[in-house]
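The form predicted alone is given below as one chain in structure tokens.
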Amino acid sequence: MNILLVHAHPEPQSLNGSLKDFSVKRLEKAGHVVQVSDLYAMHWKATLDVDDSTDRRADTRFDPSLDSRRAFESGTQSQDIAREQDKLRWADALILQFPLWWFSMPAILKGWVERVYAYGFAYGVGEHSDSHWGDRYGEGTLAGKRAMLIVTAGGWESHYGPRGINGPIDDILFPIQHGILYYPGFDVLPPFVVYRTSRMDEARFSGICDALGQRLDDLWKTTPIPFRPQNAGAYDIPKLTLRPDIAPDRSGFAAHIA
């Protein structure tokens, strides 16, 4: 299988850098073909702006969505964007690996999403009608592919537990897993999270690698998170709210998982 690993940490000798190297070796040893987008090493431009189109007139108003669509459709996107889109088309699975900084991904990785997920590529696709509201949330350009997060966090696991001060890790990662990965069609696997990263020794690192290695070995066996597809009947369209009979006792993020 073809796997794209997008890595977002500025220090190659960090825990993240070591886990990235381990993952690549483990996957390649299993016979997979791996491409790595090491965003800091690539000096990836994080800001979505007028320079993302190669033929834009300087005297026109910049509209992020409309300019993105025009550049994508006309083949005038900047080459760094087009290359990453080609990698996503090529990949059977995507791994996003990053440290949890201020309850989300680093800005450079968010910028990768904002620029690579062009209008017409990752959103704005499919018909919009009274029964089907675009190809998204379970459908879309990237449907049929798998995705997984590898995340490191400085806090204790209990800090991210059901009653932890930081909030449940599944809630913190929901906007990424549901909104960034499931939205364009990925089947999203449960995340691999490493906690308390400042307390690491050789024995603990070895155990983490063993667990991560098993997750990578099972990349095509693991059951995805059962997010509810948008156009399969659970949601009233075009309101896009869950039908009253679907999970009537739940609200918030949890209601969107079957």
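As the structure is a prediction and not an experimental result, all values here were calculated from the model. Start at 1 with the first residue shown and count on from there.
We do not show the form predicted in complex with a further copy of the same chain, though everything after this point is about it.
Heavy atoms within 4.5 Å of a further copy of the same chain in the predicted complex are found in one stretch of 74 to 82, 89 to 97, 142 to 150, 120 to 128, which is 120 to 128.
Relative to a further copy of the same chain in the predicted complex, residues 31, 135 and 224 are all farther than 4.5 Å at every heavy atom. Shown alone here, residue 242 lies within 4.5 Å of a further copy of the same chain in the predicted complex, counting heavy atoms only. Within this chain, residue 195 is remote from the site of a further copy of the same chain in the predicted complex, having no heavy atom within 4.5 Å.
For the chain shown alone, residue 220 is not a contact residue for a further copy of the same chain in the predicted complex, no non-hydrogen atom being within 4.5 angstroms. Not displayed here, a further copy of the same chain is approached by residue 230 to within 4.5 Å at the level of heavy atoms in the predicted complex. The listed set 47, 206, 214, 54 contains one residue whose heavy atoms approach a further copy of the same chain in the predicted complex to within 4.5 Å, identified as 47. Contacts between 163 to 184 and a further copy of the same chain, taken as any heavy atom within 4.5 Å in the predicted complex, involve 163, 164, 165, 166, 167, 168, 171, 172, 174, 175, 178, 179, 180, 183.
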